[in-house]
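Single chain ahead, written as structure tokens, the form predicted alone.
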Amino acid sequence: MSDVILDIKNVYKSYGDNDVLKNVSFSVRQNRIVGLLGPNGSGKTTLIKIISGLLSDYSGRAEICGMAPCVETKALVSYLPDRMSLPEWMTVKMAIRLFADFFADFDTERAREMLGTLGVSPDKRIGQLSKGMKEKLQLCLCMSRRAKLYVLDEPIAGVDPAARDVIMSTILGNFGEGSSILLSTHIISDVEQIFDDVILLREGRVELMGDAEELRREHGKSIDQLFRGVFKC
């Protein structure tokens, strides 16, 4: 039985004359945390939308547990977007109930524990939360599912440096055996220690990928230093 959760093969995507993804291929195996890295415009968000089933007009193959993105794979993928999508009048408690009603794999008790750990008040309206608190709430909602693949788009972009270790601990402590994480971020130095593998996108192509520790050893640099070298002006 294959341990591949996500398989991307020769994926192309364009918007008019703008080729956003160009022959992108990689796979994500079980029990791996994979860093999806690249500057703005490299194609990360487009790729994440394909994996999450939000974009369907592309060529090539994308499969989650052997299935192309569809209604069934939405039950396997837990997606954390880079922006809050819930209405600001909704309270945190209401958001928890909504996710529990919508996703059969949602663990309400786990969500409540994470809210307490991250200091998010269940009685506050979303509109009353700071940007950082909104991101913590989104993380709680995403990581409280018992998914096969967690797709995290910039999970610490709006979080102050002091809270990043707590966020990383929350991510590490709440994805289960047999699942994996694909994490897109610009803040590499603070999170690279959790990466098992990395994929560097440049102008819609895979520029570099591999086991994170092997890449460090081969190049004698951290992943952040490799990133800066690849994308220096």
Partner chain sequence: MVKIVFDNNIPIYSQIVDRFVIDICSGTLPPGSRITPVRELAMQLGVNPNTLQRALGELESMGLLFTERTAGRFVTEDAALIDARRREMSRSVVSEFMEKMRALGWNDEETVKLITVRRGENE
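Positions refer to the first chain, counted from 1. Everything numeric here is computed off the predicted structure, so don't read it as measured data.
Below, we turn to the form predicted together with the partner chain, even though it does not appear here.
Screening 198 to 206, 171 to 179, 51 to 59, 65 to 73 for residues having heavy atoms within 4.5 Å of the partner chain in the predicted complex returns a single hit, 171 to 179.
Contact check for residue 216: a non-hydrogen atom falls within 4.5 Å of the partner chain in the predicted complex. Not displayed here, the partner chain is kept clear of residue 164 by more than 4.5 Å at the level of heavy atoms in the predicted complex. In the predicted complex, the partner chain lies farther than 4.5 Å from every heavy atom of residue 187. Remark: residue 225 counts among the residues lining the partner chain in the predicted complex, judged by a heavy atom distance of 4.5 Å or less. Taking the partner chain as positioned in the predicted complex, the residues of 29 to 57 that bring a heavy atom within 4.5 Å of it are, in sequence order, 31, 32, 33.
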